[in-house]
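One chain comes next, on its own, written out as structure tokens in the form predicted on its own.
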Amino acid sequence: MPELNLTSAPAHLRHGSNIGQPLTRRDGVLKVKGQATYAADNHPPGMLFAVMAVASISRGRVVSLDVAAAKRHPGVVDVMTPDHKPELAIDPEIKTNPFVFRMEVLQSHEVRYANQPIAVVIAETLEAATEGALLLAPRYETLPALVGLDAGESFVPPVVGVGNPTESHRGDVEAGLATAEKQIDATYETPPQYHNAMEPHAIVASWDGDRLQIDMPTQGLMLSLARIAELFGIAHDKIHIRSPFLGGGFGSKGLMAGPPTLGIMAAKLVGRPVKLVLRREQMYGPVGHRAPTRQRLRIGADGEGRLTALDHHARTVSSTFDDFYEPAADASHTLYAAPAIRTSHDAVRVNTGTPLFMRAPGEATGSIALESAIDEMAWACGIDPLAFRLKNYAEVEPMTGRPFSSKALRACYDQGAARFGWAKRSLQPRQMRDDAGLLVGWGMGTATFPALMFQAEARAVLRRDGSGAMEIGAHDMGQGAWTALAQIAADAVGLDIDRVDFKAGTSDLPDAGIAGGSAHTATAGAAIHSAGAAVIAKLADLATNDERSPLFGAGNAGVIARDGRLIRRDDESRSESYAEILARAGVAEVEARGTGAPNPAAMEQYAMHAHGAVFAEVKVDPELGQVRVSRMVGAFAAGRIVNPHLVKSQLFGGMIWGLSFALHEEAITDRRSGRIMNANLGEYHIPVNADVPPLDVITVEEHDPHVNALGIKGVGEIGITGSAGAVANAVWHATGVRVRRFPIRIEELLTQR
């Protein structure tokens, strides 16, 4: 693996702190030159290739595999099956904590979903392993597949998401609906969606006795390490995971899954390093996805257009063998100030891999239904959609009464609408056309996402040569963590960024928590900030207790760190460099650790959310029904902005994902076999360059002192939540056709007009 050269001097001069500067990606040159080492780029000596054979049925049992034929193939070393495999230390069906999900690692011949691994062929070359897998020619006993939202009897799950209540309510919803002058009762459906990160799941595993070296993409180094340790019965310190770069994750690489576990098992079976990389179509099953939903919204409003009740029920699915339930209805908890709100969920079990976290889990699915319904309610009341939202947006969290940054949301509405030119919108649909005769529609949606934080630790070092280091097992899956966290680190130790060695991406570094929930910058950043403060305090202690220092007697609170120097607060003419302090003390370096964690008292007192408003314009061919999004404007308030370039990139990505949600993305299941019919990037539609319009992002200034010490909120997921609804509402405004099943299809626009 080449040395990660992430400490080179920036190509432009900066003034002020490192935080807030629009620095380009510190890993950008490595990636452009092909020198950023991803998991599958590693080739240890003696490495073999492993290929999964996967089930072509979705329910039943494997009755035979032609293992002998596969082994006869030149280059095939071994074939791992339920009858021939290393034993695990614990049953992988046992759930040892809420973040452990059951996985298919050849523990039986039962098939629970299509694309489930049923064998692994290990060979000297990738070609030999691939051909060997084909030669297995599995035969099955097949049972009828359970498919779709009506596959069986529904039930109420014990929780949704990660421990959220299945049902929540405030006020009397039925009374609120009964007294409403205007009501809507509408049902919306969202399809299954798959993460489709650019980099497929991959692992290179090498055993050396009871020591295990792993290269794999992961959003949670320590979560993965802990799961591997319990599955294989080895100590944590015997495992080393390298994951410096991820080619996207979106939640699918957050938790240890079956395929990388099979790679480790294969390496143990043959006693040589093994690489296992999923093919694109194999990612549709064993590594999670977003579950489909059917959502019914009943909303009431009085004669002035103020909400009287909001009832949001969502049905979703989980697998036949594990539990994860998309918390779609919870999207109605936080935005609109109805005096009565009820959210509820039910579910059915289907033959699928277990759904898991996918970018904005619950918020993405729930918000497109909620924002469409709010638009329908505004139309029923004869009120402009923006005016309706301004009349009804919450100034405190509706379900708890805790205050939140509602002024920032109002600013998002105002600034986004002004930039978009919303005041020129016609109230009636199908009234606007462009010069080419295309129907033009304008829509909007409100964006929100919780400002989460997890727990993390970091280690900071200051050296006698005036440089510093910051170490944390952080993850960069393309969002720019190598850069943003290094900016926080530089400010934390009072140095310019090119003087700080920033180390991340391996499991032997302090635990950075998980890169999920749009919480990584806040979580890891808080730990880095804390570690920096601690190491500066140690350095200050050396200086302020030394009579030879110009800082003698100032005390830790009496100095500030800036530009590699400690400076007296009460007299900035008195200062001393880090190098001078350490040299006089005869110390090569000082180091300290710091932690980051949510503040329970603040969380109890305040609701913590990022907010936004998205405005979209679409153009629709009146004869053909073809839809094009022609422009989008998003205004987002997400606390302190660490790096404007990176933040805008994340928000752009979220807005594009929202466009994809509304118009493109859907996994289509064959109801007879339970197989995904479009398990590839040719037929699983996502936007290409020609589908993406000019995007305009406004970052609304926001100072929220309650979320964490740095005031940081996440931006990785919020961009989806308003964008999908904005596009859907724009299509209605252009055509007068309200499509409630997503993605919006041409045939529905043509048949309903």
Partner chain sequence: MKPFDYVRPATVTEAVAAAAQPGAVYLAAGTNLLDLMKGGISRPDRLVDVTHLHGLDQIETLADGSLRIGALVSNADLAHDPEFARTHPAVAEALLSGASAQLRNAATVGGNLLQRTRCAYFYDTASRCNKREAGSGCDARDGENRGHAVLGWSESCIATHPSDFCVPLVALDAVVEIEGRSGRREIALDALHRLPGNTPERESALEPGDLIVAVRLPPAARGFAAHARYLKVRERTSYAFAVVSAAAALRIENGKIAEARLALGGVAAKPWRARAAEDVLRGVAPTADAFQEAAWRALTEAKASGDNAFKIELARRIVVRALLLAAAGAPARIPALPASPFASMSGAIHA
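All of these numbers come straight from a predicted model, not from anything done at the bench. Positions refer to the first chain, counted from 1.
What follows is about the form predicted together with its partner chain, which we do not show.
Undergrad: Test of understanding: in the predicted complex, would Val159 fall inside 4.5 Å of its partner chain by heavy atoms?
TA: Taking the distances in the predicted complex, the answer for Val159 is no, it never comes within 4.5 Å of its partner chain.
Undergrad: Hey, in the predicted complex, is Arg349 touching its partner chain, heavy atoms inside 4.5 Å?
TA: No, no contact at 4.5 Å.
Undergrad: Spell out, yes or no, whether the shortest heavy atom distance between Arg672 and its partner chain in the predicted complex is within 4.5 Å.
TA: Contact with its partner chain, yes.
Undergrad: Might Arg640 be said to contact its partner chain in the predicted complex, defining contact as any heavy atom within 4.5 Å?
TA: Close contact is absent here: in the predicted complex, Arg640 is far from its partner chain, nothing within 4.5 Å, heavy atoms only.
Undergrad: Is it true that Ser17, Leu542 and His703 each have at least one non-hydrogen atom within 4.5 Å of its partner chain in the predicted complex?
TA: No, the candidate spot makes no contact with its partner chain.
Undergrad: Taking its partner chain in the predicted complex as the reference, which of Asn599, Ser630, Gln415, Ser467 has a non-hydrogen atom within 4.5 Å?
TA: Checked against the cut-off, the match is Ser630.
Undergrad: So its partner chain isn't shown here. In the predicted complex, which residue out of Met677, Ile560, Leu427, Ala175 has a non-hydrogen atom within 4.5 Å of it?
TA: Exactly one residue meets the criterion: Met677.
Undergrad: Would you mind picking out the stretch of 456-464, 661-669, 577-585, 532-540 that comes within 4.5 angstroms of its partner chain in the predicted complex, counting non-hydrogen atoms?
TA: Heavy-atom contact with the partner occurs in 661-669.
Undergrad: Go through 487-518 residue by residue and record those having a heavy atom within 4.5 Å of its partner chain in the predicted complex; state none if no residue qualifies.
TA: Result: empty, none.
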